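Have a look below at one chain only, the form predicted on its own, in structure tokens format.
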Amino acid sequence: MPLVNPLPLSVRLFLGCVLLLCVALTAYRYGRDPEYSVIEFQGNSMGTTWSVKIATGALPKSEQEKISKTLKYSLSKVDSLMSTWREDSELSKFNRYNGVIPFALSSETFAVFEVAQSVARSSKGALDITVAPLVEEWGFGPGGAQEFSGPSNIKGFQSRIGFEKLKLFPNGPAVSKSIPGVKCDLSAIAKGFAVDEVARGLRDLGFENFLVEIGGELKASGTHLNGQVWRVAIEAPIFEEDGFTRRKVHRVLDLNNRAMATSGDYRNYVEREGERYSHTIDPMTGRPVKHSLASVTVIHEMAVWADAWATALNVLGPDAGYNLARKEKLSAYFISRRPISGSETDNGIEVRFTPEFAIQFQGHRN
């Protein structure tokens, strides 16, 4: 026997309409109310800029300060572990170590070593974190720009380079060197790892809708205020116009719970006697990469993997890089300065993308 009499049908219909109206008004308020908006945090870390956008309701100042501290802590921790520019970083200490006993590493740094070694094996050394001595010699390391080495010096440095010269011990976790003088540079992968760490910290705080960006590497989670996924841009290579260096959006993507990393030769480079030298060193030649590939963008669930693969594919170039991306079933987008068989032309820029990229962003195969 019911405890109360059921409401008349007319009353129930009325209350149902009121409830639907309240839901509609709430959705309208959260879509239009200035207090429900995107809150942005930004700053400098790891030698670059970073920004975090969170789609959320109004947050008190104390909560925003808590978020800011969490973000800065995550970034500072990665920098203190993996920076080659800090004498006191864990990586710098490892680089100075030439002992026989394996060098103990934090779980974070070891995780980055594991990803790097995995991509190194798959790319046959195109990504090789032991390239640090040559990075420094070419003027892209902590010592800054300097006179470039000649081929005779390059051969000497290459004797200390090779990902096979590292041995990982997961139970440590620890890493050993097969010969003294091996040094590692995690610059091609650490930013991606930091993006993942920041995203993890935001989720621990209870946020699901955000966009993290560190030095151009991105990770999107959830949706923007309007319920749409986050929109990000692939940048066209920097071009000269009227004597000024400009940037241009090449393509806009809906990044749906994915990370995106780009590696190219148009941002970080130096010029010597009219010739441009990319900051990306090819471990196999010992010289800055010199091919027609301007940039490659990789989409992955994890930013650390996207970052590592983007570097490896950039080293390999437009043809070998594309072939490896297809073999590994990567979602990758290549921008080249020369016509490529099977490519698309966009205002003089030659582009090619893998089937996985086409399925994700175009709904068809290349």
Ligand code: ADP
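When you see a residue number, it is the position in the sequence shown, counting from 1. All of these numbers come straight from a predicted model, not from anything done at the bench.
One more form of this protein should be noted, the form predicted together with the named molecule, which is absent from this view; the next part is about it.
To verify the annotation, which of these, K183, H279, R258, H250, has a non-hydrogen atom within 4.5 Å of the named molecule in the model of the complex? That would be H279.
One residue of V135, A199, L81, A294 in contact with the named molecule, assessed in the model of the complex (non-hydrogen atom, 4.5 angstroms): The option sitting close enough to the partner is V135.
Partner proximity in the model of the complex: T262 to the named molecule, non-hydrogen atom cutoff 4.5 Å: Looking in the model of the complex, residue contacts with the named molecule include T262, since a heavy atom lies within 4.5 Å.
With a 4.5 Å heavy atom cut-off, would you call G286 a contact of the named molecule in the model of the complex? G286: no contact with the named molecule in the model of the complex.
Decide whether V119 counts as a contact residue for the named molecule in the model of the complex under a heavy atom distance cut-off of 4.5 Å. Looking in the model of the complex, residue contacts with the named molecule do not include V119, since no heavy atom lies within 4.5 Å.
Though only this chain appears here, would L75 touch the named molecule in the model of the complex if you measure heavy atom gaps against 4.5 Å? No - in the model of the complex, heavy atoms of L75 and the named molecule never come within 4.5 Å of each other.
If contact means any heavy atom within 4.5 Å, which of 318-326, 52-60, 66-74, 304-312 contacts the named molecule in the model of the complex? Looking at the partner contacts, the answer comes out as 304-312.
Residue by residue through 100-131, tell me which have a non-hydrogen atom within 4.5 angstroms of the named molecule in the model of the complex. Sequence-ordered list: A126, L127, D128, I129, V131.
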